[in-house]
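Let's start with one chain on its own, the form predicted alone, as structure tokens.
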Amino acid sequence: MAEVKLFGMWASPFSHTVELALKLKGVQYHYIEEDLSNKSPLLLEYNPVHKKIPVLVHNEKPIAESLVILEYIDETWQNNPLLPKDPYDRAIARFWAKFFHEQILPTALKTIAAEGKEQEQIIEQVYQKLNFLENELNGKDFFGGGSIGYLDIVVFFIARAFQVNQEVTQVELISKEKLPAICKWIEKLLKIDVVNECIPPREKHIAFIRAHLEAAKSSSN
């Protein structure tokens, strides 16, 4: 069997998405932790374009970008499929994954530097965009129906990071009042052992976010 390696970083939700996909497929892999302030020569060799994690290496061939890696995993190991079989349903899952990465995440990140009225407006934009996913999820256990699938993996770890981040910043992007279906879905996933194996320790994660935000403020002064 070919060796599978994953270059990641313990606090990265993008790394966690790949880890969970591999675990759901039962794929044995060797995890390599990267120091993003001092990236390894191997990471730079395997991902010379973006120089980022995660990078999956299979048969000594590297694949970068978490969404691309998820599809590669699903096509290579066909047990426990992540994407739906129906072409239309597959297209819809890909559409919402792209929407989440390209529309919701960048908007949410703007709240970090914003203040006052501007921040309030950005938070409202995040809620409006997340409401599309709320409607997709309403009445279902998971986005794909009865089991964890592609879109669940894509959205969950970033949504969970939003929750942890708001403990530090007090900027609430996900609330039970406005997004009850998403909050219930997050709670459901947190009860699944294989998901919990991929989640960083809460206190360590909070300390990391706090240090990261303080460093960002210092550099902007």
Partner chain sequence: MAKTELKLLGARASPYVMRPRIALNIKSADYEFLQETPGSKSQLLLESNPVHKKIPVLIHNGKPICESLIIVEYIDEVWSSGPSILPSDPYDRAIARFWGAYVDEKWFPNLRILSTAEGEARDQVIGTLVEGLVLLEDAFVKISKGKAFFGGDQIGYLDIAFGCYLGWLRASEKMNVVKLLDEANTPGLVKWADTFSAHPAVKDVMPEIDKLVEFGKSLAAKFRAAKTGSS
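Numbering follows the first chain given and starts at 1. Worth saying up front: this structure is predicted, and the values here are computed from it rather than measured.
Another form exists, predicted together with its partner chain; not displayed. Remarks below refer to it.
**its partner chain in the predicted bound form: contacting segment from 188 to 196, 57 to 65, 34 to 42, 151 to 159, heavy atom within 4.5 Å** = Every other range fails; the passing one is 57 to 65.
**Message:** Taking its partner chain as it sits in the predicted bound form, is residue 102 in contact with it (heavy atom to heavy atom, 4.5 Å or less)?
**Reply:** Close contact exists here: in the predicted bound form, residue 102 approaches its partner chain to within 4.5 Å, heavy atoms only.
**Prompt:** Is residue 145 close enough to touch its partner chain in the predicted bound form, meaning at least one heavy atom pair within 4.5 Å?
**Reply:** Answer no; every heavy atom of residue 145 is more than 4.5 Å from its partner chain in the predicted bound form.
**is_contact(residue 119, its partner chain) in the predicted bound form, heavy atom dist at most 4.5 Å** = Looking in the predicted bound form, residue contacts with its partner chain do not include residue 119, since no heavy atom lies within 4.5 Å.
**Asked** Should residue 30 be classed as touching its partner chain in the predicted bound form when contacts are defined as heavy atoms within 4.5 Å?
**Response** Judged by the heavy-atom cut-off of 4.5 Å, residue 30 is well away from its partner chain in the predicted bound form.
**Prompt:** Within 4.5 Å of its partner chain in the predicted bound form, do 10, 25 and 207 each have at least one heavy atom?
**Reply:** No: none of 10, 25 and 207 comes within 4.5 Å of its partner chain in the predicted bound form.
**Prompt:** Relative to its partner chain in the predicted bound form, which residues of 76 to 90 have a heavy atom no more than 4.5 Å away?
**Reply:** Result: 76, 87, 88, 90.
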